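The chain below stands alone and is given in structure tokens; this is the form predicted on its own.
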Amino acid sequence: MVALALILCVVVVLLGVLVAGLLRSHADILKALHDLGAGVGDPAGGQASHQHAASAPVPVPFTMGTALPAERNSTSAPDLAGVTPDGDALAVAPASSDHLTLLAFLSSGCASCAGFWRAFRSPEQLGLPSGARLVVVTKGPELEIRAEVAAQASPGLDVLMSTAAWEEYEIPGSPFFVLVDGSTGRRIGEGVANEFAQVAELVRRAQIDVAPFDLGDRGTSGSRGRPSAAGLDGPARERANDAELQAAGILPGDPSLYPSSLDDLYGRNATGRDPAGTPDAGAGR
């Protein structure tokens, strides 16, 4: 009996040490969470939450793909080089042709890309301009499985596998589309889309906006021609816009550049009053 009692005492002491260790570990975990800001501002925390209301939670940064520079000049269209899903070498020079090239940056695994892979199986229904070339660009074989890319691609579709192409064109994620005008060697449109109809609209708008820049004379009277910012980008577009305003007699500091009401923007009838503030006799008729 004495031996059994000693054994029970030893077991109780060991259990007590174990429980004490668990409580100490739990306290350390709670302290670490508190230092990270967990539970700050929680209404269930009572008075303790008010005592630490000034503490801010630790922000966790989240990024997807390559961050696009805020003031980048997006006109460059470098040549692309990589391999096909079959392993053959392939190079694409979108800025060295006489037609439009639509670069579709897709992945074989993303769910939002599946609809585009299916749409590319019927190229005659895409609605692209005549002569426009469609090239699908995936990441390289080190990040994509060739067999899966080949299974997605339809016969006759140009598919280039190149991780370097994603980096050179600063692609933030997939699906992403870039339109290059080979006649000017410029990137004239880019963006994301959920369906190919949106891409076709992107192409249409880019074609309208690619009108040439002209500073020539409008006639033989010697008057300067009005500049157009269409087809430019970056600082060149800003300078063209400034020249357009100056040609119209709008100089820096002009009040029309700083509207303070709807009347300043649209003039009479914007709010039922003329710019002088008197009621418009025709308003409401």
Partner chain sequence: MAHLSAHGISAALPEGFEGRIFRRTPGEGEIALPVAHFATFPLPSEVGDFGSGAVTLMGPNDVFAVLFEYGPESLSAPLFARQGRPRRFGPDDFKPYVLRRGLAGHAGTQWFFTEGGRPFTFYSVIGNHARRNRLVPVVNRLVEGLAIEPASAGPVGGAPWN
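Owing to the predicted nature of the structure, the values given are computational and were not obtained by experimental measurement. Positions refer to the first chain, counted from 1.
One more form of this protein, predicted in complex with the partner chain, exists but is not displayed; see below.
- In the predicted bound form, at least one heavy atom of V92 sits within 4.5 Å of the partner chain.
- The partner chain in the predicted bound form is approached by A81, whose closest heavy atom lies within 4.5 angstroms of it.
- Contact annotation: G87 falls within 4.5 Å of the partner chain in the predicted bound form, judged by heavy atom distances.
- Mapping the unseen interface onto this chain, D158 counts among the residues with a heavy atom inside 4.5 Å of the partner chain in the predicted bound form.
- The listed set T163, Q207, S97, S76 contains one residue whose heavy atoms approach the partner chain in the predicted bound form to within 4.5 Å, identified as S97.
- The stretch that touches the partner chain in the predicted bound form, counting heavy atoms within 4.5 Å, is 150 to 158, out of 150 to 158, 183 to 191, 169 to 177, 104 to 112.
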